[in-house]
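A lone chain, given as structure tokens: the form predicted on its own.
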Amino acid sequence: MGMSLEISSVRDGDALSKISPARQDEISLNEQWARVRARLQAEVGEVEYRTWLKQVALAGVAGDEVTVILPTRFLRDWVNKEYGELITAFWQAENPAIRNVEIRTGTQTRGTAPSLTEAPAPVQTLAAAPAAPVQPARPESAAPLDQRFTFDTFVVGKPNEFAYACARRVAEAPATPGFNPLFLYGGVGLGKTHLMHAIAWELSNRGNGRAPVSVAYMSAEKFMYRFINALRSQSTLEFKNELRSVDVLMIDDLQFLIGKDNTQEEFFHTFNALVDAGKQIVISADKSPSDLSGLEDRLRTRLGCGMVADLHATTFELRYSILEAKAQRAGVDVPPRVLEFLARKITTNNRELEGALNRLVAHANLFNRPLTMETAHEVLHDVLKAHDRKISIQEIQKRVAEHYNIRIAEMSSARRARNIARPRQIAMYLAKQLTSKSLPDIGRHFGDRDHTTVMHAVNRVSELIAQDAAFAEDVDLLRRTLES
């Protein structure tokens, strides 16, 4: 039902009693929406609120679903992607009866019902979502899958190709000996969750006459809360049966169970029951099983008995490929210089990298500005500042010395033995590449060497990089380590 966004000032109990129940409900809902907007403004800040959320209007409520509208499809998609969960959470805090908030495009004039112009779009910004697959059969405790996270949208490179291959194998043939459990680990934003969702989508849409399998995907935190609720409601048997009846159990961020002894115990028994029944287990965490201190030894041992695959920190090439793929799928023409700039500057994780590209494209679309280096510097100044870590020559010397197992004092010594001279040349090369120091300044940090010596070292290392792939990879590894 449509309703005005104007909030009534009626507060007197007698006056309120004269208003129809329908009108009272409308006033109550509008007051809730006002509080939701106030919380949004406090949460994201004045500038961000004015840019993205000020135009969000309340359209109506039907049952347990609230509909809000925005005037353009672009704004609808952006708010859906960046703020949809936050809006829903604030609505549910105001009114527990609300279970879903739908964001659509439409217009509303004061005193009139809203006009909805389009159906809601899938949550997305740059990556165009594939046609929505049939949801896999999974217990109510499972978390929803992101339609963007499929194998087709996963960009493969050296740092993640092994994990990708293992995930593909499990999706094609679950419970294959040697691949059960599949344990994926790596830092934040490197693609663990993407691969887990891709496995679930693949298993739920199996072709060639193969029946879909039942998949339960949830975070370790969700597993714990479900277990605690089962204990409180004395329904642990139903909880056990629910999870042990699936074909594939997927648990994300297992490190959350560290220190939760009772939950670990329940997970251990669930794990054993499923594996013994020939069912597939897929786990992700931020560290390998052997490094997850705080887990019970028997659980850590079981986790490492299948296939363990790590996702390494991304290389420049992989980051560039990810940005290029995102831009292509969105049909956005981003100059190579801008893609290269972002790939070199934002090295922490893929989420932040994609977020920067989303933000840059959104700004260009909203203000009809070209995607240039100047625009990138202006729009992403805060992000770039956070990543503009100053690398010192002393830090370069220390890392190179550790890598080649020599003493840091050798960087300034007169020794010319090959095992000393080559690391010293590499350190000079990296100092030239990663700092703003002049050649004479660099030479002074290496035993007061002349600037021509530094120039010779830089040229020699550049030649070896072009001639020797293994040497080039070694130097690139040092560069990535210093930039991370």
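As the structure is a computational prediction, the values presented were derived from the model and not from experiment. Don't overthink the numbering: it's just position in the shown sequence, from 1.
This next part talks about the form predicted together with adenosine-5'-diphosphate, which is not shown.
Trainee: Given that adenosine-5'-diphosphate is left out here, which of Gly106, Pro212, Gly189, Gly84 has a heavy atom within 4.5 Å of it in the model of the complex?
Mentor: Contact with adenosine-5'-diphosphate in the model of the complex is made by Gly189 alone.
Trainee: Just to be sure I understand the contacts: of Thr375, Thr153, Thr72, Asn95, which is the one whose heavy atoms reach within 4.5 angstroms of adenosine-5'-diphosphate in the model of the complex?
Mentor: It is Thr153.
Trainee: In the model of the complex, do Ser219, Gln264 and Leu292 all put a heavy atom within 4.5 Å of adenosine-5'-diphosphate?
Mentor: Judged in the model of the complex, none of Ser219, Gln264 and Leu292 sits within 4.5 Å of adenosine-5'-diphosphate.
Trainee: With a cut-off of 4.5 Å between heavy atoms, is Asn350 one of the residues that contacts adenosine-5'-diphosphate in the model of the complex?
Mentor: It does: once adenosine-5'-diphosphate is placed as it appears in the model of the complex, Asn350 has a heavy atom within 4.5 Å of it.
Trainee: In the model of the complex, does Phe271 have a heavy atom within 4.5 Å of adenosine-5'-diphosphate?
Mentor: No.
Trainee: Mark Glu354 yes when one of its heavy atoms lies within 4.5 Å of a heavy atom of adenosine-5'-diphosphate in the model of the complex, and no otherwise.
Mentor: Judged by the heavy-atom cut-off of 4.5 Å, Glu354 is in contact with adenosine-5'-diphosphate in the model of the complex.
Trainee: Does adenosine-5'-diphosphate come within 4.5 Å of any heavy atom of Arg76 in the model of the complex?
Mentor: Outside the cut-off, so no.
Trainee: Okay, which stretch from 231 to 239, 332 to 340, 174 to 182, 192 to 200 lines adenosine-5'-diphosphate in the model of the complex, with non-hydrogen atoms inside 4.5 Å?
Mentor: Flagged stretch: 192 to 200.
Trainee: Scan 314 to 336 and note down the residues that get a heavy atom within 4.5 Å of adenosine-5'-diphosphate in the model of the complex; none is a fine answer too.
Mentor: Going through 314 to 336 in order - heavy atoms within 4.5 Å of adenosine-5'-diphosphate in the model of the complex - the hits are Ile322, Lys326.
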